[in-house]
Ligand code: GAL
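Below you'll find only one chain, the form predicted alone, shown as structure tokens.
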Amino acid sequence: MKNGSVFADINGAPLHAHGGYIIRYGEYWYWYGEDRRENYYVSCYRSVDLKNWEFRNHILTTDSVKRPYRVRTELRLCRDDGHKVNIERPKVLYCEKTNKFVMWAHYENGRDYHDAACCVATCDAPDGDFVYHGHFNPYGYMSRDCTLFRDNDGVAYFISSSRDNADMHVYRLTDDYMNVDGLVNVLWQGEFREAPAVFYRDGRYYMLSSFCTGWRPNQGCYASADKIDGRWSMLSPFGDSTTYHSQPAFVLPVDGEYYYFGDRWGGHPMSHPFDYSKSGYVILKMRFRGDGSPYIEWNNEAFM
């Protein structure tokens, strides 16, 4: 697993899990992420060691079952002309209350980024065929790049860029993780952040994010807070001027260590035109200074 490269699964096929998320369930780690090939939207892989990944399923596709639920949504997985929509940055949590795996993601219509909505899907198994429940705008707000975070008390949060990415919204979810039940924070007014990644360490909440420069990498930043719905610090630099030519996807805690997962969109950072098929990954061990501030240093090998 060379940082910056296209990873392969155990069968040698390219691993398509971009903008994704990893959860632990049973003896396996499950890696979910974008898969833009053919009629796919989200694919799932599993591993026992975080290095050897077995492809499991295209868990969300244009042909996925669509089923309404109590939230009023639009059930659309293809446009009227038959073309795909965009399903980006899929994140999955297991809800113990319902025994369901719940996915939240960013939805767009496939032509432009004017819908700026979130979408929800569920499944009884971590790698089964997810049922699509549609997209909506939480409390009427725009919702683009997003992530999920479950706190130590089991309360889950949906975090997404809003107001044309000018602000970052933090929503508390209902107990079944199927709807928002409160906008609990609005962060960094007018600072245009995207690609949020949230984690908790030693009594503080941290959020990584990037600036809005499309597919081009930029200087990542972090902020922290004592409470997720409290006052957050100002943004501080994280990584180098291009975050080592990557954009945050998520942070994975493993046995007291924390690992930064980022996407290197389009392969080589100076490649033109953009080639999604060459998009790779960057996985770096996070380190913390005495004051708790996180940082990463480049290593050719993932997880080192």
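Values in this document were obtained by computation on a predicted structure and should not be read as measured data. Numbers follow the displayed sequence, beginning with 1.
There is another form of this protein, the form predicted in complex with this ligand, and it is not shown here; the text below is about that form.
At the 4.5 Å threshold, heavy atoms of Y200 stay clear of this ligand in the model of the complex, well away from it. At a distance threshold of 4.5 angstroms between non-hydrogen atoms, S246 is out of contact with this ligand in the model of the complex. The shortest heavy atom separation between G214 and this ligand in the model of the complex is within 4.5 Å. Contact annotation: E194 falls within 4.5 Å of this ligand in the model of the complex, judged by heavy atom distances. This chain is displayed alone, yet in the model of the complex one of D115, D167, D127, E88 has a heavy atom within 4.5 Å of this ligand; that residue is E88.
Note on the interface: of 96 to 104, 151 to 159, 116 to 124, 214 to 222, the segment with non-hydrogen atoms within 4.5 angstroms of this ligand in the model of the complex is 214 to 222. In this stretch, 144 to 179, the one residue having a heavy atom within 4.5 Å of this ligand in the model of the complex is D145; the partner itself is omitted from this view.
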